[in-house]
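Coming up is one lone chain in structure tokens, specifically the form predicted alone.
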Amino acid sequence: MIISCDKCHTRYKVKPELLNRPIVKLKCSHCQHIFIVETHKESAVELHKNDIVNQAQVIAICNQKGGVAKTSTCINLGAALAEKNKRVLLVDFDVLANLTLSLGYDKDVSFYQLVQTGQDNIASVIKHYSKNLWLLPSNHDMNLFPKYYMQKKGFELLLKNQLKKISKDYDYILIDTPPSMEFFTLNGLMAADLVIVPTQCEYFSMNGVTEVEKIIKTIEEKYHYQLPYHVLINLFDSSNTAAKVIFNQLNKQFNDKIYKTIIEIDNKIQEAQIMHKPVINYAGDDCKAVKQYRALAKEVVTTS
């Protein structure tokens, strides 16, 4: 079981047998902070340095509704984390390859070529975009995955098993998923430690959040582990009365699951994509979107 210190966020792999009572006190060997996990033990357990998990936090960006800026979230959150000196891998797991195109790459190689040719070195298809930021690209050949692999046992673990091989090389791995659930989004969710669900403040997008929540609960029940998620308010227009009404509904329905940071509509985001750049590398520090994505990165680091 993975436990994270709530002060310095060092991650530990804790043996389940240590968590067999209602409450457990944990002492972080990195910062000496003592914190409580409401789970299964009354006495304190000291976490050791050799228990530290040296692996990336894998985050799937997911919503069954299209047009909610999943790709923009992936690019700009990734760039903001990279700016904080975190090593970040962006995974384009959408057959449309919008993430790949947005960063200015041709659709020449993808995860499909890696799996189909039986290569064991996933690093061979990863592109280095900028300081602390890498890309695992996509192309149209990804369309063939469901045809050849959907009926194979363990197809939902293809991405997870490959990412394990390189997890120690990154601090964060962000997965951009398509709006359909099936092969690609299921693989993304199974590989994830955390799910971010971007949503506009409009009815159909809000319904997409509910559908993702149902799927996460199904995965938790079937595979017997917890998959936390947070909702990100995206493309928010504070002058839109309907948007404000739905914003209040989202807060009532999902409450503590919603990030405090709100990403508002900003043309600079679209301009940056045209220039094949994250908005942080395109616009100045005074840009509204730049400030908001930096705030989101800080919140992700603090809460993940």
Ligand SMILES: Nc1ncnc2c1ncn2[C@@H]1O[C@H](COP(=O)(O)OP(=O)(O)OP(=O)(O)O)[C@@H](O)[C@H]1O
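Quick note: we count residues from 1 along the sequence shown, nothing fancier. Bear in mind the structure is a predicted one, so any value in this text is a computation, not a measurement.
The discussion below concerns the form predicted together with the named molecule, not included here.
Next item on the list: Given that the partner is absent here, state which listed stretch (253-261, 59-67, 29-37, 237-245) has heavy atoms within 4.5 Å of the named molecule in the predicted bound form.
Entry: Of the stretches listed, the one contacting the partner is 59-67.
Item checked: Heavy atom within 4.5 Å of the named molecule in the predicted bound form - the one residue of 146, 228, 104, 179 that qualifies -> Filtering the options by heavy-atom distance leaves 179.
Check: According to a 4.5 angstroms non-hydrogen atom cut-off, is residue 249 in contact with the named molecule in the predicted bound form?
Finding: Flag for residue 249 set to no.
Check: Is there a non-hydrogen atom of residue 92 within 4.5 angstroms of a non-hydrogen atom of the named molecule in the predicted bound form?
Finding: No, residue 92 stays farther than 4.5 Å from the named molecule in the predicted bound form.
Checklist line | the named molecule contact in the predicted bound form: residue 71, any heavy atom under 4.5 Å | finding: Yes, residue 71 is a contact residue.
Notebook entry, point to check: Does the 4.5 Å heavy atom contact test between residue 55 and the named molecule in the predicted bound form come out positive?
Noted result: It does not: once the named molecule is placed as it appears in the predicted bound form, residue 55 has no heavy atom within 4.5 Å of it.
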